[in-house]
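Form predicted alone, single chain, as C-alpha cells, below.
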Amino acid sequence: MKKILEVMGMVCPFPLVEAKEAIKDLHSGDELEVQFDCTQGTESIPRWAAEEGHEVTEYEQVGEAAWTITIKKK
C-alpha cells in the first residue's frame, strides 16, 4: 500500500511532524510518499527516516522548490 501525504505550503517542521504521524498508520513494507515544499524537509525527513530504520526508496525534486520523498516503513 502507498499513502500520499501532501503537505505543500506547510512551514517546517510541520511536514516532518505530519510524516511521523502518517507513518504510524502504515504496516511494515507500506510506503509513504511525502509531497512538500519546505527546504528544511529535504534534510530532516530523510534523516528521521534513517534514524527510525525506514528506507527512503525515492527522492525527487518536482519543482523549483518542491520535492517528493517516498519512505518504506520498516
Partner chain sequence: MGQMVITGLICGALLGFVMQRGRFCLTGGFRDMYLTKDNRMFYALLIAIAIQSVGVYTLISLKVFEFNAGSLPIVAVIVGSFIFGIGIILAGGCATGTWYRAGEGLIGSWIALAGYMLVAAMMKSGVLLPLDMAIKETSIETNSIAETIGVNNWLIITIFVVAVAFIVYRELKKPRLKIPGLKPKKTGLAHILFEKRWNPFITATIIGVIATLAWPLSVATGRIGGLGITTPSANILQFLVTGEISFINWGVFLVLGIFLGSLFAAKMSGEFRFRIPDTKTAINSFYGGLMMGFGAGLAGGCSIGNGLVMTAMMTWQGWISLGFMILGTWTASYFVFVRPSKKAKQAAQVITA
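Since we're looking at a predicted model, the values are computed, not measured. Positions refer to the first chain, counted from 1.
One more form of this protein should be noted, the form predicted together with its partner chain, which is absent from this view; the next part is about it.
Look up in the model of the complex whether residue 1 has a non-hydrogen atom within 4.5 angstroms of its partner chain, and give yes or no.
Outside the cut-off, so no.
Does the 4.5 Å heavy atom contact test between residue 37 and its partner chain in the model of the complex come out positive?
Residue 37: yes, in contact with its partner chain in the model of the complex.
Give a yes/no on whether residue 56 approaches its partner chain to within 4.5 Å in the model of the complex, heavy atoms considered.
Yes, residue 56 sits close enough to its partner chain in the model of the complex that at least one of its heavy atoms falls within 4.5 Å.
Even though the partner isn't displayed, in the model of the complex is residue 12 close enough to its partner chain, meaning a heavy atom within 4.5 Å?
Yes - in the model of the complex, heavy atoms of residue 12 and its partner chain come within 4.5 Å of each other.
Are there residues in 34-70 with a heavy atom within 4.5 Å of its partner chain in the model of the complex, and which are they, in order?
Heavy-atom contacts to its partner chain in the model of the complex: 37, 38, 39, 40, 42, 43, 46, 47, 50, 51, 56, 59, 60, 61, 63, 64, 65, 66, 67.
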